[in-house]
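Take a look at this one chain, the form predicted alone, written out in structure tokens.
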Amino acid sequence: MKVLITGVNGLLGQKLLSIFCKNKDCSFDIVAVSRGRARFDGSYKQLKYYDLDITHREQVFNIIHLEKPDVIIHAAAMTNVDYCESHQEDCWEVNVQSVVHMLQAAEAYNSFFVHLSSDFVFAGDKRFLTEEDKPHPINFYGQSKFQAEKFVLKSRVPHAVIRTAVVYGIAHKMSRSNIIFWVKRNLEDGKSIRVVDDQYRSPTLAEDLATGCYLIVQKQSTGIYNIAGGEVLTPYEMAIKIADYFGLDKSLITRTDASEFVQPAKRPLETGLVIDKAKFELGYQPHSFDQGVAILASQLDEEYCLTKG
């Protein structure tokens, strides 16, 4: 089976390469695409890499027609919510128009299309959200992801839409921060931090999200799936758990609410994703947030040893 994965230089993209290239149960030929030079671990076999601008229709068509993939996992996206709010045209090109290009090219080969979406398609007025709940985005990033979903769901190719939230992890040659690194670094430096306690999210370990994608491809499951962590936590609750794990001073963490922060894009308050469908239909079993913190800590130790070695 030939699988084309976009955004392979990113966090999820690297985790997808790991699970698809190293899985012993199935054999996949991987076509990896991203912008610029490859930044992932170069030890993978049965892999082709292309430098691809997903907003360029001709480039997209050329690669898909050349490779004729059985499956396309579209993980590439513009995810900086505030940047999307202030650069709406760029956001639309990356998050919506690229999806249209991919879907049109995929139709020639009836490629199974797996699209990554977000909890930000929702308004934030309901804490526990299922796949049946109606989206109503309140910022431009959410609008772009919702519009892309609509194109996928109306397409003529077999497809799956994955909604996820607060994806955290560590990847090769990647400096993207996340709440775990941010809390750990500040508390280790003795700095006080203010963390909101009125936003509810489903933090998702990147490895778990990649596993969910793999299960969907393996089972050729179609429709919408919530693939996220199994807990609904506020950022403040996450920060306390991080401090507990690393034995850091929790008194430096101050509880606050979203009204204290001025951001270009409005954030939904409550977007906890119910993952019962993924558990029942796919056998999806994510790690707890505590387990995720421990996994990241071990990966940080490995990265430190490799750097110092």
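So that there is no doubt, residue numbering starts at 1 and follows the sequence shown. Keep in mind it's a predicted model, so treat the numbers as computed, not measured.
From this point on, the text means the form predicted together with a small molecule, which you will not see here.
- Residue Arg39 is the only one of Lys279, Lys68, Arg39, Arg255 with a heavy atom lying within 4.5 Å of the small molecule in the predicted complex.
- A heavy atom within 4.5 Å of the small molecule in the predicted complex is found for exactly one of Ala105, Leu187, Val166, Val195: Val166.
- In the predicted complex, the small molecule sits within 4.5 Å of a heavy atom belonging to Tyr141.
- Taking the partner from the other structure, the small molecule in the predicted complex has no heavy atom within 4.5 Å of any heavy atom of Asp29.
- Contact annotation for Leu11: at least one heavy atom lies within 4.5 Å of the small molecule in the predicted complex.
- Among heavy atoms of Ala239, none comes within 4.5 Å of the small molecule in the predicted complex.
- Heavy atoms within 4.5 Å of the small molecule in the predicted complex map, among the stretches 215-223, 105-113, 72-80, 146-154, onto 72-80 alone.
- Although the small molecule is omitted here, in the predicted complex none of Ile170, Thr211 and Pro286 has a heavy atom within 4.5 Å of it.
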